[in-house]
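Read the single chain below, which is given as structure tokens and is the form predicted on its own.
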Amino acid sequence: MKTFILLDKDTKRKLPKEFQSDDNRFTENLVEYFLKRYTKAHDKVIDIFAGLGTTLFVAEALGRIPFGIEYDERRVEYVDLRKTTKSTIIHGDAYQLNSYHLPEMDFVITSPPYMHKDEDQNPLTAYSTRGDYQSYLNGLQEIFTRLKTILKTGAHVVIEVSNLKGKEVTTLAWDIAKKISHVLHFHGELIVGWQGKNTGDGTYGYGYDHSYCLVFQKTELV
């Protein structure tokens, strides 16, 4: 597996004004890179933190069958109106994914909402409830434990995430890697260096010029 790639951070799909101030999408070329590496035509692909639908749009364009779960109803409506494959994005909570009667999945790519270790609002509920960093990490572990039950054996899972700079560094990427490795076999990390106009002063947006794609797999060993 490669350990470093360089990609443009520019996104192709223009957003309506209501979403432009909170544009935290990963790019189409990132999704395309992993779909071509780990999937084939007609495979089922899911993003459990679907956001503004980049995974679903790219999967659809490449002939994969897209699924998504998104907490924000406005984002679900935006995505559903623009997809050809209807009714495959669910307005719901990733905690509840086992209740949505999803088929077995061939591949997962997602980026969870980020949390600094000194925050006290829970990103997994769109900041609508209080929480601490350890509870957030435990919540992610539980979500991926449930996700594992709908994965085909051999399916890969890619989590795109960054460490976060602040008064102190939050080692978010490494902490997530440790937690999810108790659930799925951890193959390692692919560092993505970002370039292009949307990198501004040369950073990814969280104090770094790169992010991490953590690569896991459902095997019989974990």
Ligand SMILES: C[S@@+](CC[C@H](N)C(=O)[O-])C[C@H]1O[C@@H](n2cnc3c(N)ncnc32)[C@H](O)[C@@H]1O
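Remember, predicted model here, so these are calculated numbers, not experimental data. Sequential numbering from 1, following the sequence displayed.
The discussion below concerns the form predicted together with the ligand, not included here.
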Counting only non-hydrogen atoms, the one stretch of 177-185, 161-169, 44-52, 58-66 within 4.5 angstroms of the ligand in the predicted complex is 44-52
Review point. Residue 77: heavy atom within 4.5 Å of the ligand in the predicted complex?
Key: no
| query | Contact between residue 88 and the ligand in the predicted complex at 4.5 Å, heavy atoms? | reply | no
Whether residue 131 contacts the ligand in the predicted complex should be assessed with a 4.5 Å heavy atom distance threshold; does it? no
Worksheet item: Would residue 72 sit within 4.5 Å of the ligand in the predicted complex, counting heavy atoms only?
Response: yes
Within 96-113, the residues having any heavy atom within 4.5 Å of the ligand in the predicted complex are 111, 112, 113
